[in-house]
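A single chain comes next, written as structure tokens; it is the form predicted alone.
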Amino acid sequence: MSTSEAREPRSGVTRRAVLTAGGAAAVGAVIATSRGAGAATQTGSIPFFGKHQGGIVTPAQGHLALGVFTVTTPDRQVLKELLSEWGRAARRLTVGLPLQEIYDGSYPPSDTGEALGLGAANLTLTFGYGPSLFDSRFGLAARRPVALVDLPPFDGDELDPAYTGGDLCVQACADDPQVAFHAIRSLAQLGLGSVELHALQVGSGRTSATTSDQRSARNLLGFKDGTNNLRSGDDALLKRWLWVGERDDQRWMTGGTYLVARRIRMNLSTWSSTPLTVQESVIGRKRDSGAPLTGTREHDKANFQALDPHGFPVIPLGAHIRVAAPETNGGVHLLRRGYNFFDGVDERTGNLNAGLLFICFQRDPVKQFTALQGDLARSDNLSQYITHVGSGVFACPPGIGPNDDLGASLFT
């Protein structure tokens, strides 16, 4: 008997039974109704299945809850069953259903109840595996992709172990913050005895657009972010820079991608005391319009060759948009899905503990994020105003079909 089976209530309507038999039927009915209505957006739900996982090229929602877990069970089969159970739960959560429909009041309810009545709120759940999952515990070492390695230290990093690493991650994005939180809390409850929540980071206010009809948003520095982000319609670029291909080293990752998460604390008091012209030279854009310093509109192409009357680059050599631009990094692109965070006051400094939960997806984090961040850490003028305090990298497998188990491809 697995650990999760041992935790089932004795009432005759078990959590697992609900998530398999009746639960599957209920999810199917909701999805059928949604499709019959014409579009998932009309019902505010995004089905869990598909070629790719949700929460990547999905239109970026307004809120994030990023849960990172440590696997505590030593049993490979228990881990496999837990991932399968998480997949069944995700099917219900993403269409706005509680984990359990029928309750025996003699036992604690499987669903904690804080999201009842809130609907699906376009919830997406994106699952990923950290490098540490492929150690000797579960016999998965031969399945680890070459690109899945811990990020190296970068100049200026001050990484807090509380926000770094992890065996598993779940990115919950939704239009309602309580729905996103409820999803991570629910998965943590289902995993009691098998996993522990290593970190939960909450973001409100997206800082990137992932579709052509989304407007750019602002980060806490006050500037528009993600203007030149990869978007869902950029098929050729997505194929090259986002999705793992059939010829990459692990076939089970074909159609998947890699998530890099960085917790970036911003020194907002220093930034707020900096003249606007200096802020704009640090970023390389005008604050109000978002236009590059060489243009007038946000999406004008930056001219990195333009010189001012004194012979200096109009966009400084260390400006953030210059150092991060694909043109100066061998064409490297990332798909960004960042969120602002505000977490009280930093007791050490008395300053606001706030900044950016930088999340990006890519085909190969070694060739993409690591190469790009190395340049940023050395040359980006923005580095004097920010500090990277958390870090993680995770392999996100492709999506699954309606009858598939989450994690099955990892163990096959």
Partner chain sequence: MVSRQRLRRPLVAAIALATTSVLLAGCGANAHVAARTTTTIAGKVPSRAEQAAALFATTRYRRQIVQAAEGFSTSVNALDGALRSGDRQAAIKAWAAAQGSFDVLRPVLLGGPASSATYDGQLLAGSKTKGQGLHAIERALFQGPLSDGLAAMPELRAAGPQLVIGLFRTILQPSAIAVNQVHALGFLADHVLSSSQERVSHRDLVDVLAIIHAVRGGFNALHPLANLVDPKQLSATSTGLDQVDALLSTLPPGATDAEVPTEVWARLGRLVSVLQFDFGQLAGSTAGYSSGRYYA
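Positions refer to the first chain, counted from 1. Just so we're clear, the structure is a prediction, and the values are computed from it rather than from any experiment.
If you look for the form predicted together with its partner chain, you will not find it shown, but the lines that follow are about it.
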query = Heavy atoms within 4.5 Å of its partner chain in the model of the complex: does Arg247 have any?
reply = no
So, Asp346 and its partner chain: in the model of the complex, are they within 4.5 Å at any heavy atom pair? yes
Notebook entry, point to check: Ala354: heavy atom within 4.5 Å of its partner chain in the model of the complex?
Noted result: no
Requested in this report: Report whether the minimum heavy atom distance between Asp175 and its partner chain in the model of the complex is within 4.5 Å.
Outcome: no
Only one of 136-144, 225-233, 191-199, 264-272 has residues with a heavy atom within 4.5 Å of its partner chain in the model of the complex, and that stretch is 264-272
Residue within 4.5 Å of its partner chain in the model of the complex by heavy atom, from Asn329, Thr73, Thr254, Gln214, is Asn329
Partner-free chain; cross-checking its partner chain in the model of the complex, the single residue of Leu187, Val323, Val95, Ala115 with a heavy atom within 4.5 Å is Val323
Report task. Please state whether every one of the three residues Thr277, Ser281 and Thr387 places a non-hydrogen atom within 4.5 angstroms of its partner chain in the model of the complex. Result -> yes
Near its partner chain in the model of the complex, with a heavy atom at 4.5 Å or closer, the residues from 297-327 are Phe304, Gln305, Leu307, Asp308, His310, Phe312, Pro313, Val314, Ile315, Pro316, Leu317, Gly318, Arg322, Val323
